Every structure is written in structure tokens, then in C-alpha cells.
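Take a look at this one chain, the form predicted alone, written out in C-alpha cells.
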Amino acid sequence: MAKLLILGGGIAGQTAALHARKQLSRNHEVIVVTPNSKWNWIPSNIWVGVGFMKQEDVVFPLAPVYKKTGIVYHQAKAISIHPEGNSESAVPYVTIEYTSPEKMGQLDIVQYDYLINATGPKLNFNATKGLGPEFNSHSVCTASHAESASSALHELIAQMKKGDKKDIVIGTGHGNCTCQGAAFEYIFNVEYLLRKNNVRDKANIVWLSNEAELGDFGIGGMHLQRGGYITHSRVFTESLYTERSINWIIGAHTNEVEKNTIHYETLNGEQKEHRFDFSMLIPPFSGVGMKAYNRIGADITSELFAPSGFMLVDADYSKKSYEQWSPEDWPKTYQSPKYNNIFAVGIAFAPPHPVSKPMFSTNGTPIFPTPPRTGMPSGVMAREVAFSVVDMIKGKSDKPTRTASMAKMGAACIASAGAGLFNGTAASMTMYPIIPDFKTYPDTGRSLTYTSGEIGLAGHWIKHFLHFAFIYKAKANPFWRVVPE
């Protein structure tokens, strides 16, 4: 009997767990350790943040799903990995700390034969002074954060209906943030909500981002073929912002958020500030902070994890210059180079380098997006790693049998730009490959055939449908595998 231990129950962890459980006989155990009691469809948090949905619409309890599928579930957070066991036993294990009410704070160990790290990120609000819901800005990174943001936003609208003018700032809260897409969706849903409440003229809305140009999104932007012309996503995005009268500040590193003032540094080294009445700023991400120890108890954290806290996998981590970056730098199997029974997927793996060109202010401050690894790519790599592990457990191979390089993977994204069932809009985008390949596509880095972008009501309907489809899939309801990653 083999034990597959999966750390994390988000999009990547849930995908890996369900596929592995489906492929393995009940002679083998699939175990999930996650600190949360509920699963959250994070892409819809932006709708919770404007009141289009409620918190209960985007979450559901995990325990019933794991019970019906035969997955062992521990509501706990992983503290440390012991890939060689200890002095008493060579069986590898993970130390966990329970977060469930009945066992809160208790420590335990979970042994494994194979380990998939799908913990996702730590929301590193502490990287910027005053950032986050506990301090001076809002977030939509969790369902509860989004609900709090919605409450504050509707209070603001009530004041605007009385004639007050307000300043709204939405974007990134640090020079190395990722997930600009979530903030992008949120700012347009906020703008739509203000128009719906007939108070748009009372608001000055500003986009504040670490992107060097609009439409970068941490992927270096992309080229689109529209009406016989090839245009960059910067033009597409600038047009959308201009059309909806949203101002922008780009190339900005937020270094402090006071009660009503954001302090930021620009690429030219200037220290500036911007006043606000409401702000939603995405935090930077880091690894969750797990440690690692060898059999005699020596700390080997640096051998398993990058300084960021994300897990090292089969990527090229040599410090190449931007001009030397290659699609081949990116991982294919997501296997640890030190322990062949450990893998990392989704945001949990350490990328070899950014996708966007690294930019630094004249003061030396890094101001550029870190690479996104969420949504569709997370699900695809989790599925392929799960199948690789299943093949290894079944004795079909002693090494990974599947690959899922982001340099060979396409992605589709639907970004909401206003949640209205009859007059809402969404930007529907596809790209291939995710990691630009200028050898194959020397002019654009990506295929113009499979890279596209359109905006309209149809996109909103598709995104709304996908909300229900992916929750249905994550609940392991009948025929869940029909819904693609």
C-alpha cells in the first residue's frame, strides 16, 4: 500500500487529489492536509467584493467531499517536511499542526510515500507597512476579505449618493506582486457598480500597478491580431481604461499604506503619495514557510525551497540575464531535484525567473510583476503530476511519465469587466504558449493563431457558467472529469 500526501486543498491540491483517488485502488491512501475547512473558487471572489455574490456562493465544506471520495482529510497546516524520516525510522513524514476547532494547535505527523506540495502562497501583507484588511487597505484574495471589501464599498456608495466625492485606488500593494488580473477584474466591476448606482461622476478611480506598462499582467503582455492588424495588449488595455475613465499609475512600488494615503516609489526613483477613500491592493506572495529537516534533524530547508519559500523543482535556477532566458528554463515534471518522491504544483513551485522583464528604480528597488501560476495552469500541472505519481505507485515507471511545462501550455482566461447578466462584460483571452518562445515565434513570442482577446457580454455569461462548472467539479459530483482543468 502506498500513501500519497497532498499539502493544500485549493485548485491545484483538489485537482491532484481527485484525479489520484480516481486512478488508484482503495489499497492506496490519498491524504489531503489543508488548514481550511472550506474550498474557495477564488476567481469569483471579485464578485463577492462588489456584492454580486455572497461568500457562501464561492465556498463549500471540504469534509463531505473527501468522505464520499475516500480521501483522508486533516484540517491542519504543514509545519515541516522530513523527507528522510528520522533517526528511528526512514519513513518520510510531514509534521502538521491542526487548525480544526476540536484539535486546534495540536501537533501530529503524517507519513507518506509520495508528496505533492500544493499549498499555494502566503498572502504576504507584512511586506508592505500598513497593507491589508487588518490595517489600511482591502483585499479580495479570500472570500472573507472580499465580503469585507464589499461592505466598505457599499458604505462608500451610500456617501456618494449624498453628494460626496471619493477617491478609489485599486491595484498592487508591492513592487513584486503578481495576480494583476484579479485587481484588473475588480477595478472594472467597481466601476460598473458605480455606474449602476448612478454615482460614477462622484468617483475618481485610479489603477496603481507595478507593471511597466498596462496589459503586462506578469506575462510580459501579449500580441493580438484584431481586424487584420497586430496590436499589443497595452493598446487593448489602455483603450478599455480610457473608455471607462479610469486613470493609471504604473511602474509603482507601494512602500506604505496609511489610513487614507498610499506612499509609492516610481521607476525613476521619485517618492510619491496618493490619497484614497477606498483601496483594494493585492499583496505579494511568498511560500507558506515550511521547514525541512534530514534524518539527523539538520535543517535542509534551503535544499528544498528557494529563498522565497517556494519549492525547488526541475527548473533551471541559474541566474541568467534577461537576454539568456529560455522556455527550457521552466519545469516540466515539477519533481524535486533532491527527492524523487516529492513534487510541487501551482503557486507552490519556485519559478526560475519572472516572465516580465525585470525593472528596477533608479534607487535599485525591484518593480516588476512576479509570474502568475494560478487557475488553468495550476489545474493542468496538478492533473499531470497526479497521473505521474499514480504511474510510479503502480510500478509503471520509476520517474515521472507526464509533463506540463508552461512553455508548452496554453491558457484561457475570462476577466470580468462588470457583473451584469444582461449588460455585463468580460474580456475573453487565450494565449499560447504561456511562457514566450521567441525562437519559434520571433516577432511576438506567442502564436497569433492561438492568442486572442475580445470583450463583450458573451464573456460574462461564459465566466458565470464556469463559476458553477468548476465548483461542481471540485465537489466531485457525477461526471466531474468532464469539466476540463
Partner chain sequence: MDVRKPYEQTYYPPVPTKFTQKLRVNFLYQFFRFMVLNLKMLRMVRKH
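Bear in mind that the values here come from a model prediction, so they are computed numbers and not experimental data. Numbering follows the first chain given and starts at 1.
The form predicted in complex with its partner chain is left out here; the points below concern that form.
- Checking F387, W248, F125, Y93 for any heavy atom within 4.5 Å of its partner chain in the predicted complex turns up a single hit: W248.
- Only one of G51, P35, P436, G424 lies close to its partner chain in the predicted complex, with a heavy atom inside 4.5 Å, and it is G424.
- Taken together, Y432, S452 and P484 are fully in contact with its partner chain in the predicted complex: each brings a heavy atom within 4.5 Å.
- Its partner chain is not drawn, but in the predicted complex it has a heavy atom within 4.5 Å of K408.
- Mapping the unseen interface onto this chain, I414 counts among the residues with a heavy atom inside 4.5 Å of its partner chain in the predicted complex.
- For E243, a non-hydrogen atom is located within 4.5 Å of its partner chain in the predicted complex, even though that partner is not displayed.
- Proximity of T444 to its partner chain in the predicted complex falls outside the 4.5 Å heavy atom cutoff.
- Only one segment in the set 83 to 91, 376 to 384, 316 to 324, 70 to 78 has residues whose heavy atoms sit within 4.5 Å of its partner chain in the predicted complex; it is 376 to 384.
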